[in-house]
Every structure is written in structure tokens, then in C-alpha cells.
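Given as C-alpha cells, the chain that follows is alone and in the form predicted alone.
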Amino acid sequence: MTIHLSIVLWLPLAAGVLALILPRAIARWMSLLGALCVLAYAIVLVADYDTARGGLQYVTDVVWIRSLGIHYKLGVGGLNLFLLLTTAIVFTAAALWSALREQDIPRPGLYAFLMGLAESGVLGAFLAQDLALFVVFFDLMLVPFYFLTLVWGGPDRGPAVLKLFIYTLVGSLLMLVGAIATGVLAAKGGTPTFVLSDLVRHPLTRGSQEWIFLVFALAFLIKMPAFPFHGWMPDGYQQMPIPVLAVFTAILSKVAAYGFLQVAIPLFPKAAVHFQELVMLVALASVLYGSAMAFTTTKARLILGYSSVAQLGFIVLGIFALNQRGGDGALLQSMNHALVAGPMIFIVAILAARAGGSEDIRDMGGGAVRAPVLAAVFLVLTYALLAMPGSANFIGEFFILLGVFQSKLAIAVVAFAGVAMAAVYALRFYIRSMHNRVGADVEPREISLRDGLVLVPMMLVVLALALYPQLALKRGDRAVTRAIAGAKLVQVNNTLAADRPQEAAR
């Protein structure tokens, strides 16, 4: 079956351009139509992907800038297949949420255009098989979020966007320098190349790998965000519009995690092994700090924001376990967290609408009896967030901790504390907002049809993945093996080199 990835990539932007010039009443529905078309394409990709053959499929490869060796190369493999589907699901939910709330979105044409640009940027980062193209899309996907927040954000959006811009600009500029250096150094005086498959076959020296790896790692850790590079997160999360925040927290952080598996570890395996413990300690600090902050803050958005810091910490731990179990778990957990974090952000808006506009959990409470459907959907997502046994999140965290246990025992033991802390902040959020005393301004009422159209399908996807996580695990298994193969070889060589002096001494 022939699937043109360029169509998948540029469909959201094309729909956004049409929405920009169409009448206001049609613009919001054009954005939804574009997102639905991408979702349909993504489902076909998953169904048609040849798991037995594996590897990169549906490849589009055209020389873009010949003198620099830059290609417009797109492809689908085990690493990005389900991340593409997850992206399509979350963007479709955000488009539906916005389309059903015309009064909340003035200037819908511009809004639809920026959301379409954002989705094309994210899809491009996942599909890119050229390092320069990846950097372009990695930076492009952030641009619409600046304007979406500036135009439709909260009252203090100016300083929040400025802080986000400064943090991400630093990471993006450093990544650009690292990408250029990688292409030039790999060429060894010849024509530079940025195609990822070519760069893997021309590894850099250990010294070059180390400083370039640190540059990419910093950019990815800022984007996640990870502790202590999360300074932009509290202000940014509180000022973004709800559908924009749902996409941002669910999807953009996963591009950074994907970057480690797709770019940093395969291209710089010696550096990945060298800095393994450092990155894992940063990830462990994110797990503990994010969990602690999530159950001390009372602002619903920040509970989910700090929860994301902790969950991304777990994902990075799995990636840098540098073994099969950890990598499989990290890939599955990337999908799990996105599918849970998105609808949880929508639930924050629903709860705030019933609490006089307040997003403070101390102003909520008492809605479960009069809103059993809302309470049930919220409970399912809460159990998934805390990785209750029986959920796909539990499988993801289990694989991650198993991989870390096999790699770094001490870090794994401490990381187990993050699992317990997740139960505390997730249950505290649910119980305080749905049970306990009714807040002074709370008007308990059942979930509306328009909210149900967004939340219930996403909850069903979470349940389906819990019943059959192998759907994602089987398709990503070989890709994870290839991604960490170079790092595993470096580890084996280091072990053999360490054993030789001991054998000589004996």
C-alpha cells in the first residue's frame, strides 16, 4: 500500500490555511476536519505497518539542499509509529474541544492556522530522518505555541511566554550548533551529510561525541521539561489556553524523549554510555522533585505539570538504562502519558467551570454524587496516571524499573519511591476535587454531551491500550534494539577493556 507521508505531514497546515481564509463559522470545523484526516492516515499506518519486516517504511527521500547534503527524508519505523498515532489522537481531541466552544475562541481562523502549524511541526519532528530536518521541525513546532499563548492565554501571558522563549531559544541554538558540527565532522573534509542513517555509519570521535551529546541532551531536557531545567513550566502551564496546554503537555515533551532514542543515543553512543549515570541522576531528580511538588501544590494545572516532570523522569530513566526492557517501557510510557495527560487537562477546565472558575482544588469537592459519569471517567484516568496494576501505565513503569534495576540497582531502588508518590498526588487530586466538602462556589453537575464527546473516546483508548499493550510493544521492540545497539557495543568493549588489565595482573 502506498502512503505518501508528505500528505500526512502537511494536511494540518493546509487545513489551517483554509480555515484562515474561510468564514468564521466554518473555520473551526475545517481545523477539526484536518485533524480527523491525519488521524485516519495514522490509523492506516499502524494497521499497514509490516511488523515482520520492521525497519523504516513508507520512505520519502528527496535531496533538499545538495551542497550541504540535507535531504527531505521522512519515514515511519517502530520508534515513531505509535507516537504519530498518539499525536493525531490528542490534536483531534483538542480540535473537537475548540470547535464545540466557539465563544471561547475569538479569531478562530488564526487559531486554526496556528494549531495546524503546530501539528505539522510535531509530525515533522517525528517523521524526519535527516538531522537538519529534525532540528528545523523541532524549532518550528514551538513557534505557534508562543502566539497561541500570547493571543488566547491568561492575564499574565506576556512574562510566561518570554520565559518560555528564552529557555527554549538557548536549547534550540545549542542544538543547531551541535547538528552542524555533527554533519561537518562526519564528512571528514568531504560533502557534509545530515541523513541519520549515514551519520550512524560514520561515528565521531569520543571527544566530539561528548560535547555534542551534551548540547542535544540540554535541548531535550529543557523541552520536556526536566529538573532543574523546568523554570519556564509553572508560568507557562498556568497561562496557556486549555486545548493548547493539553497538546503541549501531552505531545511536545515526547518529541524530546523521542529525540534521545532517535538521535542522541544512535549518533553518539560513546557519549551516551559516558554520561549515562549523569542523565539518569537528572531523571531521578525529576521523578522525586516533580512528585514532591505535585502533592504540595493546590493548583490543578500545576499538579499535572509537576506530574509530567516526574513521568518524563521515568521515561528518561528507561531510555538511559540502555537495555531492551527500559527502552520498551520508555516508548510505551511516552504513549501512555500523552493519552492520560491530555484528557486530564480537559478535566481541569471542567472542574474549574463547576467551581466558579477557580482551578484550586481547595475550592472544589463534592461533585461525584451528582456527576457519576464525570467521576467515573476521571477515576479511570487517575488510576492510569498513578500506574494502577491493570493499566498500560503500570506495564510501562514496570518495564522501565526492570530495565533500570538491571542497569543501575541503586537508582532503581530510589526510583521506586516515585511510584508511591504518584499514588499520593493522583489520589489527593481526585479525592479533593470530587469528594470531601463541597466548595462555596461549586455547582455539581454531570458532564455535558460536548465534553463527553472529547473525554469518553480518549478514556476508551486508554482502556484499550491497557487490555492490549503488546500492540505498541511488538512494533517498537526491534527499533529500540537498533537504537541502543551502538551503546550496548560500547558497554561490552568497555567491560572487556576493564577485564584485560585484571587478567594480565593475574
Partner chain sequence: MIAVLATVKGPYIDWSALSPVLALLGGSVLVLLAGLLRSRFTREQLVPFLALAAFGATIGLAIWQWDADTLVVAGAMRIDSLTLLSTLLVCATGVAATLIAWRGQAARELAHGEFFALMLVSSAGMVVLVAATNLVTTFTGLELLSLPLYILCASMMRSERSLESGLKYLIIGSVGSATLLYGFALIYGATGQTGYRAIAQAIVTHHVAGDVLFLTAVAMTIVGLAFKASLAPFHQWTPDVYEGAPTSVTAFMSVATKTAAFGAILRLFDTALLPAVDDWRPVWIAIALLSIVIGNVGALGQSSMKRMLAFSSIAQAGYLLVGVVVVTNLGVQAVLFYLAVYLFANLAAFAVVAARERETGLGDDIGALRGLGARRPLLAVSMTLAMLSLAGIPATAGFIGKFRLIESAADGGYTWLGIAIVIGSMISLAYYLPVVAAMWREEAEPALAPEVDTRTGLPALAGGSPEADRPRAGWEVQLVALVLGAAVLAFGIFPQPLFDLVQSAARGLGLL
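These numbers were taken from a predicted model, which means no experiment stands behind them. Positions refer to the first chain, counted from 1.
The following text describes the form predicted together with the partner chain, which does not appear among the structures shown.
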Quiz prompt | Phe416: touches the partner chain in the predicted complex, heavy atom cutoff 4.5 angstroms | solution = no
Quiz item: Does the partner chain get within 4.5 angstroms of any non-hydrogen atom of Leu68 in the predicted complex?
Solution: yes
Quiz item: Is there a non-hydrogen atom of Leu281 within 4.5 angstroms of a non-hydrogen atom of the partner chain in the predicted complex?
Solution: no
Quiz prompt | Distance check, Arg157 to the partner chain in the predicted complex, heavy atom within 4.5 Å | solution = yes
Quiz item: At 4.5 angstroms, heavy atoms only, are Tyr58, Leu81 and Leu85 all close to the partner chain in the predicted complex?
Solution: no
Self-check item: Residue (of Val200, Ala376, Leu214, Leu150) lying close to the partner chain in the predicted complex, criterion heavy atoms within 4.5 Å
Solution: Leu150
Quiz prompt | Listed residue (Arg101, Arg428, His435, Arg107) with a non-hydrogen atom within 4.5 angstroms of the partner chain in the predicted complex | solution = Arg107
Quiz item: Hey, of 289-297, 138-146, 267-275, 358-366, which bit sits against the partner chain in the predicted complex at 4.5 Å between non-hydrogen atoms?
Solution: 138-146
Quiz item: Can you name the residues of 157-173 that have a heavy atom within 4.5 Å of the partner chain in the predicted complex?
Solution: Arg157, Gly158, Leu162, Phe165, Ile166, Leu169, Val170, Leu173
